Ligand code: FBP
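One chain comes next, on its own, written as structure tokens: the form predicted alone.
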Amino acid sequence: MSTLPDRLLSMEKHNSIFESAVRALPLPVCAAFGDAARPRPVAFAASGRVLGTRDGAKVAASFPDSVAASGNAVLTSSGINGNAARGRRVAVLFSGGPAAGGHNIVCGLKRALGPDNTLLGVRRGPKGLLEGNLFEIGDADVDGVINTGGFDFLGTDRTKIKTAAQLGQARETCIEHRLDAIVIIGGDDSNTNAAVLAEFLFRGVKADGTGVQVIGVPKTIDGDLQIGDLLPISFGFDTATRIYGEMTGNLLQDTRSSLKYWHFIKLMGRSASHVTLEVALQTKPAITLISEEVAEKKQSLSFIVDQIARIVAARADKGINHGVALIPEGLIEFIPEMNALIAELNDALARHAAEFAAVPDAEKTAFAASRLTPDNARLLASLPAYVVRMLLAERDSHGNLQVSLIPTERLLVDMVKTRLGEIGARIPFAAHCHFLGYEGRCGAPTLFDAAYTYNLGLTAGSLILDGRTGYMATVGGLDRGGAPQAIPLTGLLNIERRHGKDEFVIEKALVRMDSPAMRYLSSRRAAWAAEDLFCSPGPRQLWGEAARQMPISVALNSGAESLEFRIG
């Protein structure tokens, strides 16, 4: 007879009651794939839609095989593939930071390939591909990870495969493991990398002179990989924002209960504010800052602080001495004078790296200030020591300031406190600071992300069995049954100056001021600031009334009639 301790032991290693239940959760599939219980791969045909960028001519010159093969045409499904390839050996890898739903892409890919093809997992991302760290994925493997969070089944890393030596290593791995295709699951940089690999491996890899197919899958919780109706959102965004939304809702409820605290919450999103916008739409806080708006309206740090202080004071006049402010992670780089300071600091620290490293810590600020223009030197001197330390901290592997380490939320709290004193507002202002980041990356996927990623996996597998390469798998019409499609990667590439040289990149999608989601936020902001109109979205649901909800910003921007996603 089983005892409770025996039961508890059986729940270890990803076998909690919840994890066991979600593995059995049925997932809807796009009608194009046929029976949900036994989905079949689809064939693709070129649509009348051709993509291009301002640097299209240079892209065509650098990616001649890929552009010639795709014509930069978007592909749409054209029915079940009765001539799907067999005997293919396909490798799949995660690239970059984790995002909920990644395991379901592997599951969908495995199901699309079926028993007549072999799926190999790459351990530790692109680095694992270079090292040839591959293993065969069986049916039991995918059954064990379906609907579970994280990237732990394969692991991931941030290696960029772009040097001649690295490309050569990737080619050798393809030869050694007899690969016919590679699926790269990642963000904008990773899909740019997929385009580079697709071109390099297009021909001459195998003995018969043919190449290796490469397919990308769009991932990022930041939501900055969007391409209109072709790619309304990347996977992982919904789960992360629902987790952050639950936490924010809890704090909003706490402020209303204790009646004495302000909570300043910094949210993931260095380059774009999609996460902050979505969480604001879910929870209706008193204050929401949007980085892109700050940049477009050229709002200074002083202006931002003044606006927050005035809202705090106005609420206090009504006896409301509490509230929540949402702040995007990358805000500080969008404030015009801070952006100018950071740019000059990056240049100065790069040019004087050896000298700066040799300077004692106590003298580093003075050393840096002496290399700045007078205006930027004065701005640096006006900032708190804890901010200056982070501004002078070591840059990341791409030479960028590590903005997640800058306590922007604390800076705003301190400056608002000072400003309230300056405007003569004698009100209680007790504030707590939070940063919601890693908490949202590896949770069990929402039903939206679970279904979305499973269908992305089916789409990626179908593209491989249809002989395609150099495409990003996507699923459109998320509120209308879902439709498998593919975007030519070369149709997304632009040239950007990075590290002193031109590089091909897929541009990040920023929050647009004229987007329906942003317009709705703007229309309600004043009301949310004036009184408590917040709501709590609660925990993410896999069963029940709220399970089939899509991100609010996606619903608004796509012109959906409701918040319900419809796949299948």
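Residue indices: 1-based, along the sequence shown. Quantities reported herein were computed from a predicted structural model and do not represent experimental measurements.
This next part talks about the form predicted in complex with the named molecule, which is not shown.
- With the named molecule left out of view, the stretch that reaches within 4.5 Å of it through heavy atoms in the predicted bound form is, among 125-133, 90-98, 171-179, 197-205, 90-98.
- With the partner omitted from this view, the residue of Leu109, Ala280, Ile221, Ile215 that lies near the named molecule in the predicted bound form is Ile221 [heavy atom within 4.5 Å].
- This chain is drawn without the named molecule; in the predicted bound form, the residue among Arg441, Arg410, Arg315, Arg419 with a heavy atom within 4.5 Å of it is Arg441.
- Interface membership of Arg158, defined by any non-hydrogen atom within 4.5 Å of the named molecule in the predicted bound form, is confirmed.
- Heavy atoms of Arg270 reach within 4.5 Å of the named molecule in the predicted bound form, making it an interface residue.
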